[in-house]
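Single chain ahead, by itself, as structure tokens, in the form predicted on its own.
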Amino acid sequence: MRRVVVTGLGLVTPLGADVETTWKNILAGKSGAGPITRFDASDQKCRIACEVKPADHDYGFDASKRVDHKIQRQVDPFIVYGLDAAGQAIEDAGLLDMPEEMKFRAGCSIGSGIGGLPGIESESLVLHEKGPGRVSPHFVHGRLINLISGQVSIKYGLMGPNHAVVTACSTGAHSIGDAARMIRDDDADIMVAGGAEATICPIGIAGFAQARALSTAFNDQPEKASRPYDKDRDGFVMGEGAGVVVLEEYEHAKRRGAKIYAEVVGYGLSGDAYHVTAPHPEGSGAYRSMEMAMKKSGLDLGDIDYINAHGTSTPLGDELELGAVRKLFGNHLGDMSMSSTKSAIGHLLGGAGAVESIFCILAIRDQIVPPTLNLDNPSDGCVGVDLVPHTAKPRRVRAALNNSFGFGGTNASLVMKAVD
């Protein structure tokens, strides 16, 4: 069996434009939430979000570092975020100057849950107000979800599998899991994999708010709004950004002397087959996804030291995930830690699973687990679970599990461990 390891990391988040800045701020308990600045949100039910900060911010994002200005003008921000995070990961893996023959065996699997929603919204207004002749010629290829992988493959000359997953909030995890399978199946030696999202626009906020998914009770206290597992939670806070990893076949990575962060050993996926937006009332899909990932990993349940939970801060979803975790891990739960980093960066939708998988990898690297912010009044289902309230916790982390669940009842779980 071909083994799959992680050799590069890239992040663009509301708490930093790179991996180490984001991780430092996550561990420090900072929040990326604030009032929406992208547009006038005064008439919206939800007026807060976790935005990627502008370049002049202390930890803002400067797109010009890795994305040509011409491309920036043509595409939606989710592609820009994905391009930058992929560039970071490729640089981190030492693959910027890979030989031509290596590029034939290097591919991309980068997806998005929604894609170019801001551009679709704005160009629809152009069409309505100015007519079809004024719609941008870049409209289609600047909004398509697979154009993150497309743009990355073109920029870096990657001629292996060119793949894009669209599974709502499970996208980032599915992208990494699918890419790992491609390497195991000998379709590639290297895969650049992850997810990106940028849907903080009027129709995006209005749509999720109308679906009663967003927090609306903390518009005056945005940093308090994302509060997974807390009794006062009332919905998630929209986030944006990207997370991308470089996956590589283990022997291939060893031969070139690559730095190895962790090994991807388990991938589970399932469907609830229940409801478009609500999870299965018994959490069966989440349970089966984790169960499959653990079975594939070959690890014992007691080997998992940390779970980065889906934990969006919705009243129903948080409890069902807790129940599924409790059912699977049973007596081992007392020896584990589990937290939701969405409490700090919001819910990155299609980017969430990839960003949070990177947090799992960093927890393994640094032997510390990030906190769940705003857990002031834990729900009854939290009893006996170490949810790492408020403050990061140094501890042994041999292996970690990441959960991602999405609309349509789609579930994904990934297991990563330290390399022996």
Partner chain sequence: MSETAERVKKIVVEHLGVEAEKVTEEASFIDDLGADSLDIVELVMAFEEEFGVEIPDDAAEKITTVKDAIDYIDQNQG
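Residue numbers count along the first chain shown, from 1. Quick caveat: nothing in here was measured; it's all calculated off a predicted structure.
Beyond the structure shown, there is the form predicted together with its partner chain, which is absent from this document and is the topic of what follows.
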{"item": "Answer range among 237-245, 136-144, 157-165, 264-272 for contact with its partner chain, defined in the model of the complex as heavy atoms within 4.5 Å", "value": "136-144"}
{"item": "Interface residue in the model of the complex among Lys295, Arg73, His128, Arg255, criterion: non-hydrogen atom within 4.5 angstroms of its partner chain", "value": "Arg73"}
{"item": "Proximity of Lys65 to its partner chain in the model of the complex, heavy atoms at 4.5 Å", "value": "no"}
{"item": "4.5 angstroms heavy atom contact with its partner chain in the model of the complex for His57", "value": "no"}
